[in-house]
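One chain comes next, on its own, written as structure tokens: the form predicted on its own.
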Amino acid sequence: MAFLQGLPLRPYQLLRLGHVAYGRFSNARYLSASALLHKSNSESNQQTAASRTTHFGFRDVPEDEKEELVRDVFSSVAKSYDVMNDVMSFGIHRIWKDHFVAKLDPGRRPGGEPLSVLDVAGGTGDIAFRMLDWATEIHNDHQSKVLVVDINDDMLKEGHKRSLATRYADGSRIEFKVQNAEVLDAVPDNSQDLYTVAFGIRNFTNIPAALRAAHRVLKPGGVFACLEFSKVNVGILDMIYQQYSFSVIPLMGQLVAADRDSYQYLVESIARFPSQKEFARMIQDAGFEVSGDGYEDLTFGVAAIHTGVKV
């Protein structure tokens, strides 16, 4: 039961995960005092949000501007998203994604219920299609569903277009919806068996808020799983990788997608992302229980898989 490997599960969680792992977002002249207070607080909150800064690559930008900046980047690369990942990972991202899905081993088990899977920042459907294929082919599961959410409508349109060329074209098992991962206002509490995010979380404005939203929407016993670029753990290889990242990748972006700036941001966003241990602590701080270190390094730490269980 690969879905359970390395995850801390208690007996009651096995029952919950029976579904997941065998056993599983006035024009009035006078205002009342309360209305004035509400207006004052609202304006204060807006000013606070506008005054807070976060990183966009190596730039510091107002927190309330990052969302639009990230949306612009991914609108630019939507049609060449797979090419982008090939450039950024030497093509190895395909192997990592296959391993990610195999590790989670999604699918309805005999006697269990179909899964509800939430794939966040999953616009083009790359992970979602793999999840559904695995459930169908490995577990003969034709009922589990994936909700793909992304803040970028262009990415979602690309994913929907791709879905029309798959066995899931009728939309009964996959849905695409615009959502902010830090809010997920269209996803009910305690409704998802599995939450996945691949190569997306480093672009979020407020990662802790997104982790708390993930914890909210998962069922008790549900699993959070993240695949993301990380920190290379071998000194000489890290030097080579950093040289490749900052010298070659933006140039390749210019050559293959006529978009150097977006690729420059993407390599900077990797450099700014927390280390494996730091991110594992953030997952724990959001309320998840992790097993061991809480992560698995891939290709000497170029990427890592993080998992946590909602207890």
Partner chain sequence: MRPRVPTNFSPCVRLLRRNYTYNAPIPNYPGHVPTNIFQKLFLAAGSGIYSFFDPTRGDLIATLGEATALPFLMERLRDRMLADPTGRRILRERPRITSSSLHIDQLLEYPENTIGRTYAEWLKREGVSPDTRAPVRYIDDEECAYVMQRYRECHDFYHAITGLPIIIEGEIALKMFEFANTAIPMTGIGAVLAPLRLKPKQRERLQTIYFPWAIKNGASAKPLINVYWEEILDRDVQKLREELGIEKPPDLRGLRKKRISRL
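Residue numbers count along the first chain shown, from 1. Everything numeric in this text was worked out from a predicted model, so none of it was measured.
Omitted here: the form predicted together with the partner chain. The next part is about that form.
Proximity of Met239 to the partner chain in the predicted bound form falls within the 4.5 Å heavy atom cutoff. A residue is said to contact a partner when one of its heavy atoms sits within 4.5 Å of a partner heavy atom; Glu68 fails this definition for the partner chain in the predicted bound form, lying far away. Heavy atoms of Asp261 reach within 4.5 Å of the partner chain in the predicted bound form, making it an interface residue. Contact check for Ala286: every heavy atom lies farther than 4.5 Å from the partner chain in the predicted bound form.
Considering the partner chain in the predicted bound form, the lone stretch of 148-156, 196-204, 96-104, 231-239 in range is 231-239 [heavy atom distance within 4.5 Å]. Contacts of stretch 221-255 with the partner chain in the predicted bound form, defined by any heavy atom lying within 4.5 Å, are made by Gly235, Ile236, Asp238, Met239, Gln242, Gln243, Phe246, Ser247, Val248, Leu251, Met252, Gln254, Leu255, listed in sequence order.
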